[in-house]
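Below you will find one chain, with nothing else, as structure tokens; this is the form predicted on its own, and questions on how it binds or moves follow later.
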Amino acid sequence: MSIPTIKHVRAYVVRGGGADYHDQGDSHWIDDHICTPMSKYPEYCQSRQSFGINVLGSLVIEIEDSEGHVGLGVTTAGEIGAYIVEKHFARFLEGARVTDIEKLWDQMFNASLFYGRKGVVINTLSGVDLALWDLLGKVREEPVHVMLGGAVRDELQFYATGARPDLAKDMGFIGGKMPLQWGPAHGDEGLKKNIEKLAEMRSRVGDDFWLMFDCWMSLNVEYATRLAHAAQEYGLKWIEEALPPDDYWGYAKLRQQVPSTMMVTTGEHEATRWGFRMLMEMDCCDLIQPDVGWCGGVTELLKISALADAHGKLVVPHGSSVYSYHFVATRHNSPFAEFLMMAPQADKVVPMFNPLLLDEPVPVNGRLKISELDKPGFGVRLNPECKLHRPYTH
């Protein structure tokens, strides 16, 4: 059988939602008084956009083969990522066979070690990897989940991340994760307000609905421990990303100190098998949350998941829409998935990467049939109305 080769690689930048889901307009819950590592500075406390959370924008990668198939990948890396794709990674991709995904990952990773390893470089590599899997699926006319070994369940179930867990319950989700609003800089009064918010939500949703706190790297061990014990009364299921991602020692200590009924989760801003190896070998958490668009793509997520399985840890990827749904469908240690509520008031279900992608499936009553993913590749298309900018060529 003749295997197509990669002919063209193109990298674009787009603003306003999409993979950079923080790039929203005014009055969106995702930018409204959420505790961050910058919250200790009053001028950067109210809005995450004020300190530049949306500065990068979305990176869109197209990889075209010799037969005209085009693979699509998106991530958060913006113009920096576009430069890396066009000026560095393209040399490994163009001319390679579409099946050479493992080799291409290794070449891109090792060639960028001297300036990469994590952050925007691995985000970029992840986006390329997603485009490669999408391309191979279109060549084979198979969904990505089939190429990963096939689904192990008929449908996915979701918890919702957003400002209104009570509304998420009404929409059929199994749980609601809400952003923490006050951190160490706000003292005891801030901690009290966090617990009051949790208590209010518990009264609205009842005892059987999951509630979680997303702390977005903003706490220290002492504050996170106090928060966890104060939240125990209200049945908090887990405390997420409480510490900076490199503080493995702090996570190990926190996990020992939280109530036994509460999980410690993290990994959204971790990358590659080596970063997750640290989390697991130091027993930092109960559940890991790699983002397939940031951790190294599907190719690396498979390795991370195998490592987690060997350590008895659950893998629930950070919300990344279809790019993680295909993976979750195929893994027994990924029992449910995250859905980010991207409606400005978190009051309805809209596609996460809107308006960038078309044909993006969304949960109905908190569920998604695997049959909704039965399209070649990841099954999504670029919205032609989005204004793509190609800042570099090669």
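The numbering used is simple: start at 1 and walk along the sequence shown. Predicted model only: the values in this text are computed from it and were never measured.
Another form exists, predicted in complex with a small molecule; not displayed. Remarks below refer to it.
What is the one choice in Y223, W105, W216, F209 with a heavy atom within 4.5 Å of the small molecule in the model of the complex?
Among Y223, W105, W216, F209, a heavy atom within 4.5 Å of the small molecule in the model of the complex occurs only for W216.
Only one of E86, D100, D247, E268 comes within 4.5 Å of the small molecule in the model of the complex by heavy atoms, so just point that one out.
Residue within 4.5 Å of the partner: E268.
I34 versus the small molecule, in the model of the complex: is there a non-hydrogen atom within 4.5 Å?
I34 belongs to the contact set for the small molecule.
With heavy atoms only and a cut-off of 4.5 Å, decide whether I30 touches the small molecule in the model of the complex.
Residue-level check for I30: yes, a contact with the small molecule.
Does R48 reach the small molecule in the model of the complex, with heavy atoms at most 4.5 Å apart?
Answer yes; at least one heavy atom of R48 falls within 4.5 Å of the small molecule in the model of the complex.
Is P179 part of the interface with the small molecule in the model of the complex - any heavy atom within 4.5 Å?
Yes, P179 is a contact residue.
Honest question, do E240, H318 and E338 all end up within 4.5 Å of the small molecule in the model of the complex by heavy atom distance?
Every listed residue reaches the small molecule in the model of the complex, so yes.
Picking from 66-74, 324-332, 363-371, 22-30, which part of the chain touches the small molecule in the model of the complex when contact means heavy atoms within 4.5 Å?
It is the stretch 22-30.
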